[in-house]
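Starting off, we have a lone chain in the form predicted alone, written out as C-alpha cells.
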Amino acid sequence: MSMDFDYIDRMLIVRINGDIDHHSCEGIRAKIDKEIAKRSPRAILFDMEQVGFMDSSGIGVLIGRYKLISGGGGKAGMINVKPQIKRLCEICGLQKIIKIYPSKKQAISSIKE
C-alpha cells in the first residue's frame, strides 16, 4: 500500500494505491493525519482508482479523516470508486457524508463551493 498527495487550492487529494483493510489502516491513517497537520487543508478528496478492496476498517479511516476536515468546516469527497466499493459505501451510508463524484473536475468544483 502506498499513497500520493497533491494539493489544489487548499484541497488535499489523496491517491491510495492498494487495499484499505485492517492491515493497512493504521499506516493510511498516520500518513494522512501527518499531511493534514502539516498543510491544514480545508477539503479532502480521496482518489480510489487503485483501491480494489475496502473493509469496515477502511470505512473508519475515511470517516475519521472526514471528521478532522469537517471540524473546521471542510468537506470531503471520493472519485474513481470501483463498483464493489461504491456498493459498500451505499450499504453503510458513507456516501451521505463523503460524496462520490463522477470526475475529479466535478469534485473539485463542487467541494470548493
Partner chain sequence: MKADNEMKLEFLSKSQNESFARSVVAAFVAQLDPTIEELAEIKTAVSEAVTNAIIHGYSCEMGNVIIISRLIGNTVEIEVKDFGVGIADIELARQPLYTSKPELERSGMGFTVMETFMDKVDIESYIGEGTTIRMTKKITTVK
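Being a predicted model, the structure only gives us computed values, none of them experimental. Positions refer to the first chain, counted from 1.
The same protein also has a form predicted together with the partner chain, omitted here; what follows describes it.
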(request) Please check if residue 22 has a heavy atom lying within 4.5 Å of any heavy atom of the partner chain in the predicted bound form. (result) yes
(message) When the contact criterion is heavy atoms within 4.5 Å, does residue 35 count as touching the partner chain in the predicted bound form?
(response) no
(message) Contact with the partner chain in the predicted bound form for residue 60, defined as at least one heavy atom pair within 4.5 Å: yes or no?
(response) yes
(message) Since only the chain is shown here, I'm wondering whether residue 78 would be in contact with the partner chain in the predicted bound form (any heavy atom pair within 4.5 Å).
(response) no
(request) Note that the partner chain is not shown here; using its position in the predicted bound form, name the residues of 47 to 76 with a heavy atom within 4.5 Å of it, in sequence order. (result) 53, 54, 55, 56, 57, 59, 60, 61, 64, 65
